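As structure tokens, one chain now follows by itself in the form predicted on its own.
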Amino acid sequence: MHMILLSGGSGKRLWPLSNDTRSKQFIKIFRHEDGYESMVQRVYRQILTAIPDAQVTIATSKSQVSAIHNQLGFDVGLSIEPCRRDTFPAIALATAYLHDVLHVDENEAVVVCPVDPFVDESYFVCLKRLWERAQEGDSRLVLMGIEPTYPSAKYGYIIPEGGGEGKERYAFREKPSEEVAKSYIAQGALWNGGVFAYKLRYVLEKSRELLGTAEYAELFARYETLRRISFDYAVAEREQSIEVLRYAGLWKDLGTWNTLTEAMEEQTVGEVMLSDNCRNVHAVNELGVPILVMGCSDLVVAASPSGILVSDKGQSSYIKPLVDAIDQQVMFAEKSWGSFLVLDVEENSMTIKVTLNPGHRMNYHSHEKRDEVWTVIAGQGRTIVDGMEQPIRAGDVVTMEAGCRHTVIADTELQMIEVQLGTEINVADKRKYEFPE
């Protein structure tokens, strides 16, 4: 059973834990075993548990590849968008990837769903039914319709309109007012959660029709020029041969702090103290200093290297325009090799804590406009500077002048303090090279 998980968005509604480089699905906030897991880790684990034979491909942007590798490893399949072009180009590219690169037969069905819903086992039972109906039925598109629990203005709706000869017709409506949503629900409408299944040849045909090609290499090469269009508008709303499967189990879109805290099993994550008279307060702390909350109600507190949020839960959904006005250096990011945390930014220097996972390494690279100094604070590894390899351990200091090629390899988990010194310190000042033999 093939699945495409759509992983996109910047998730600014969950600032300061999410931002342009760290989307909401990578925030580790759900208790699991001895630690915490993110939305993408939770869903991926649930898929492999409920559908052991599932072959998963994540459709994502280049900016999320490092975080996916960091959290899921390097075995997960990836269809990488060169840039963001809305859901239909992303799905068309991923479908072509399955067909042209993985050589999946065009008569095979595939299920497409978001990477970040909060669901239980019944959701994956419905996904299997969805795949079976797409594989064995005669409808060109099979959708999951989620039974509404309230008249939401945040979701699209699938509205049955009747039909003849055993075929139901459906209308699609995007994010109505609550009053209009009530009328939709009275007509038997279901939430459109962006979950559907089809045979590969169906979307390949739509790709040829709407994008001019269904060849993976050509789609990838021309991706930046492809038409921006959603799958719902391009395909679902225009398709007459549709089947909708009703889903009445647990499903939450954790897109705001209010909805996210409803799914949290604990009131606090990180070093947080709540006084006994706090009511309906949730706090998440990624900083190395304690947070104390006293005598508050209906509050969310979130602290990360990017900032601190203190908000009434009801008001937290209106955060995005305020966060859009913040122009800030990226302070924390997960990479395929580990992570980095910015400790200090000055006019001509930046100080960063770098953590490399065991067995991983940075790219072999150089900088033209800055020097770097690495001070090892924990672990063991090796540096390669201008082709010369040296072992390193806690207490060692390595200096790289501008222009020299360098990398570091972690034999154990390796932690370093990196000081960058120069008049122009930015991400553009980096040149990559082939790793030295």
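Keep in mind that what you see is a predicted model, and the values were worked out from it rather than measured. A residue's number is simply how far along the shown sequence it sits, counting from 1.
Although it is not shown, the form predicted together with a further copy of the same chain is what the next lines describe.
Trainee: Quick check on Ser349: any heavy atom within 4.5 Å of a further copy of the same chain in the model of the complex?
Mentor: Within the cut-off, so yes.
Trainee: For Ile425, is any heavy atom within 4.5 Å of a further copy of the same chain in the model of the complex, or not?
Mentor: Contact with a further copy of the same chain, no.
Trainee: Residue-level question: is Asn277 within 4.5 Å of a further copy of the same chain in the model of the complex, judged on heavy atoms?
Mentor: Yes, Asn277 sits close enough to a further copy of the same chain in the model of the complex that at least one of its heavy atoms falls within 4.5 Å.
Trainee: With a cut-off of 4.5 Å between heavy atoms, is Val376 one of the residues that contacts a further copy of the same chain in the model of the complex?
Mentor: Residue-level check for Val376: yes, a contact with a further copy of the same chain.
Trainee: From the list Val293, Leu200, Ala181, Cys113, which entry has a heavy atom within 4.5 Å of a further copy of the same chain in the model of the complex?
Mentor: Contact check passes for Val293.
Trainee: Sort through Gln46, Gln55, Thr412, Thr399 and report the residue having a heavy atom within 4.5 Å of a further copy of the same chain in the model of the complex.
Mentor: Flagged contact: Thr399.
Trainee: Hey, with a further copy of the same chain in the model of the complex, do Val125, Gly212 and Val235 all fall inside the 4.5 Å heavy atom range?
Mentor: Not one of the three qualifies.
Trainee: Among 102 to 110, 130 to 138, 284 to 292, 247 to 255, mark the stretch whose residues have heavy atoms within 4.5 Å of a further copy of the same chain in the model of the complex.
Mentor: It is 284 to 292 that comes within 4.5 Å of the partner.
Trainee: Check each residue of 321 to 342 against a further copy of the same chain in the model of the complex and list those with a heavy atom within 4.5 Å, in sequence order.
Mentor: Read in sequence order, the residues that approach a further copy of the same chain (within 4.5 Å, in the model of the complex) are Leu322, Val323, Ala325, Ile326, Gln328, Met331.
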